[in-house]
Ligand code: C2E
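Just one chain is shown here, as structure tokens, and it is the form predicted on its own.
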Amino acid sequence: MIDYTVNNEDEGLEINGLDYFLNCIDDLIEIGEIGLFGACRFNLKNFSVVNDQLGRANGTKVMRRFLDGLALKLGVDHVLCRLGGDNFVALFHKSCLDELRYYLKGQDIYVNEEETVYVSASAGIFMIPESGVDKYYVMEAISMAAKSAKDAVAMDYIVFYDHGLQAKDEREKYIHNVFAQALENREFKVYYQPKVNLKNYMLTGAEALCRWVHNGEVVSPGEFIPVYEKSQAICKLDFYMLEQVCKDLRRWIDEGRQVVRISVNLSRRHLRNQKTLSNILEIVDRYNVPHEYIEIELTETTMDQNFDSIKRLVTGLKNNGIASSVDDFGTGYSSLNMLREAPWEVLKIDRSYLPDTKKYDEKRQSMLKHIIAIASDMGFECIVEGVETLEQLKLIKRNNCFMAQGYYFDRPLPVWEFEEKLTYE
């Protein structure tokens, strides 16, 4: 039994642990009632913030009251155990599934007569079959689903285990395990998606995008990038991409082509490394590429990282003549202060702000108009990505944005096809 007691002796939280949970599963299997139950593993979201704001003693009160409320929802036939910290497991009667899901999505829990705090959870749920499982299978299933839920696979942060989820987990492990060999075999290829000047419809730049050709098949970036972002593998891949871009630029310059600026994506993980700037400069200078031809893209979701780290990197790039851009603007929660304080040069507006041309969307058009205006007022070079139709092209031009990227002009192109667009000087 895990005995968690706070400083206030009247506010103790005593709750069984993992061994008790596993023994209960064994008991239900033995009496033939396991098929009546579901299992759940859940994590209280951002509860460290609650402890920081309220103090640990009040935080424990809130946790206990949240669990008490959950116990009432689950009725008599339930087991609720603590794994440690803000992580819990539960067995519940399947008839209580809706109550469990509703409760875990979030509740206002009172701290005192005048104050409440909102508590919600991410959760993995396994509706246990009547046979064919043991306690370890159940634990693995809810842990796998909980991991997916914590990664925000589902909008409501609640994921049900099924065999598809198991296959997905196995696929992710495989992608992770073959990374080093794939990098050594140069299976990752650079594709270039052109950026177009809408005043003269000339090529004005390109974004370097990663494509993985593995065992004769192209693996979707949406499949492998999220896996590598969970580890330092993404940093190795980013620098590999930058090096390939620099090799191409050096060759194009030597061939006398009219080259354009190429943007390269950088993961948020680089911000933890004090040597990121020097590593970028070392690669660029190793191939003697003029800095004006390199742009570093940071997605807007990177903005929730340390402000000082972002400002230091962007300022360092600026001081060395390398442009930086805010990619996918509008998909995260960056503040205008972040845009103002760091010397960004380019603002890339996410495709989600382009209206569906099949129907008139006044709100979306208004938001696009004002974002372009803000970018212009703040002195940014503004580009809209994901342009696919003539109507969308006309719309952004009407709103005084004159750079675009998207399938209307070109898909991402292999190097040999892209370089045909680079004219000779």
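Predicted, not measured: the structure shown is a model, and the values here were computed from it. From 1 onward, residues are counted along the sequence shown.
Absent from the display: the form predicted in complex with the named molecule. The rest refers to it.
Residue heavy atoms within 4.5 Å of the named molecule in the predicted complex occur in exactly one stretch of 260-268, 95-103, 114-122, 277-285, and that stretch is 260-268.
At a distance threshold of 4.5 angstroms between non-hydrogen atoms, R211 is in contact with the named molecule in the predicted complex. Taking the partner from elsewhere, G69 is found to have every heavy atom lying beyond 4.5 Å of the named molecule in the predicted complex. With a 4.5 Å cutoff on heavy atoms, V387 counts as touching the named molecule in the predicted complex. Looking at M127, you'd find every heavy atom of it more than 4.5 angstroms from the named molecule in the predicted complex. Annotation: in the predicted complex, residues Q193, E207 and I234 each come within 4.5 Å of the named molecule through at least one heavy atom.
In terms of contact with the named molecule in the predicted complex, the residue from E295, D86, D248, D327 that brings a heavy atom within 4.5 Å is D327.
Comment: the named molecule is not present in this chain, but in the predicted complex one of R312, R351, K318, K147 has a heavy atom within 4.5 Å of it, namely R351. Contacts of stretch 160-182 with the named molecule in the predicted complex, defined by any heavy atom lying within 4.5 Å, are made by none of its residues.
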